[in-house]
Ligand SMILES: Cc1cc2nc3c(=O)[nH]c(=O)nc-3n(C[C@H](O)[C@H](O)[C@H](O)COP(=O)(O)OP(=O)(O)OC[C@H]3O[C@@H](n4cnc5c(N)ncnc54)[C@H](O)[C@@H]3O)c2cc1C
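Let's start with one chain on its own, the form predicted on its own, as structure tokens.
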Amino acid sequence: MRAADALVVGAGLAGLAAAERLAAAGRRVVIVEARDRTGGRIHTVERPGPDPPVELGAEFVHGHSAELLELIRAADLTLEDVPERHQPGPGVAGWPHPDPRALLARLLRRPSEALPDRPVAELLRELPGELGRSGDLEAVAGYLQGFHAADLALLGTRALAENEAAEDAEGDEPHRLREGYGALVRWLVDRLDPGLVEIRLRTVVRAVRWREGEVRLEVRPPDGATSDIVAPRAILTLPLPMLRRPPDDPGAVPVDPAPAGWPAALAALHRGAAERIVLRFDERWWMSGPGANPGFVHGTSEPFPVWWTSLPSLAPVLTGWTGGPRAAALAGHGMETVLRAALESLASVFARDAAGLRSLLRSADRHDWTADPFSGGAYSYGGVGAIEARAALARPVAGTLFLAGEAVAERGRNGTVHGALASGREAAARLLGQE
């Protein structure tokens, strides 16, 4: 391929969407990806046999994003409804739990533009009287930590209100892709014109050096020989930690010179901690007794307090989930430690014996996104000042540098697949508009 018109750093959904839009306009693009695969935090593992694919990253299609649904239809993939049946495990007392989103709406009842922007932890400390029953505050905190993967001392009230408004507008009904999210990634890659788009896997970017009209990536390809890739413009879809780490940190990707306003804006965005573990058993042992055939099963204070089945598939698979501080406590630990915590959690929630559950277990899958050097965490959430920060980061830098990815997706779409998709396309449109 001839010299590139643009570089895209990262082959996750945002990077692929940006490259597709640029190639559709006839631009030559080089995508640089540190991993040995495309997809980024979409990480689907195929298993032989009738069981559904294992999702170790993004799993659900949330709501009714027109852009994402249009892409799914174009790829001829199957969107399945996920039954929203929530119930306590047999080992859990005190149900029904309050609806945390309804409680949260009461706390955030002012319009977001009139809501003081401060850490959510302060709001929860000051307004316990706004919540009626014992356990309401714990329900709200658990939801925020689990769903948003957030540290409540860092999560900002206005960013949270924007997220909740987006959920209300777009719908929060979960769906799954029967073929797995990885099938959507493969379809996107396959439709890229190889005459215009080159994907370089296992190519680690060590630094981004730029001046107006030129971006120079210092990269280390698989052969280990450091080299430069140069183009007039670049879209960076790097995860937040790689942009925020000190330049001497081994996982950092310093941008030199640092664009004006970027350090302060990036400091208002945070990477959440989330852990999932996918357990396949000999049989669906949970399909007996009252409340059989559940969708989502909830515990309380376990390391993995939320479990869901693979419905509408009847595969003997359970997925355990935890977010926020509980997930951060598991990050960096080996599989056996995390599996032990998962089985003990499962035993507590379902009132079973952990050793007996282990005897029925056939496989366990997990990816440690926090320890992953090319991720540094799960998905993002906004701190105080996040709304203004994302708007600042969306602006082109001297018509040369552009940011994309779920972390900088605006209008409450951060942390979502459809946010990453829209962000990549919007960055490509901005780049084309600067030519």
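One-based numbering along the sequence shown. Given the structure is predicted, the values throughout are model-derived calculations rather than measurements.
Omitted here: the form predicted together with the named molecule. The next part is about that form.
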Practice item. Could you tell me which stretch in 72-80, 232-240, 156-164, 255-263 has residues with non-hydrogen atoms within 4.5 Å of the named molecule in the model of the complex? Key: 232-240
Point to revise | the named molecule: the contacting residue among Thr300, Ser348, Ser310, Thr203 in the model of the complex [heavy atom, 4.5 Å] | key: Thr203
Revision key, fill the gap. Only hit among Phe281, Trp187, Trp321, Trp210 for heavy atom within 4.5 Å of the named molecule in the model of the complex is Trp321
Review point. With a 4.5 Å heavy atom cut-off, would you call Arg276 a contact of the named molecule in the model of the complex?
Key: yes
Review point. Is Gly57 close enough to the named molecule in the model of the complex to count, meaning some heavy atom within 4.5 Å?
Key: yes
Review point. Can you check whether Val30 is within 4.5 Å of the named molecule in the model of the complex, heavy atom basis?
Key: no
Exercise for review: Please check if Gly415 has a heavy atom lying within 4.5 Å of any heavy atom of the named molecule in the model of the complex.
Suggested key: yes
Practice item. May I ask whether Leu123, Ala150 and Tyr381 each come within 4.5 Å of the named molecule in the model of the complex, counting any non-hydrogen atom? Key: no
Check your understanding: What residues in 6-31 sit within 4.5 Å of the named molecule in the model of the complex, counting heavy atoms only?
Key -> Val9, Gly10, Ala11, Gly12, Leu13, Ala14, Gly15
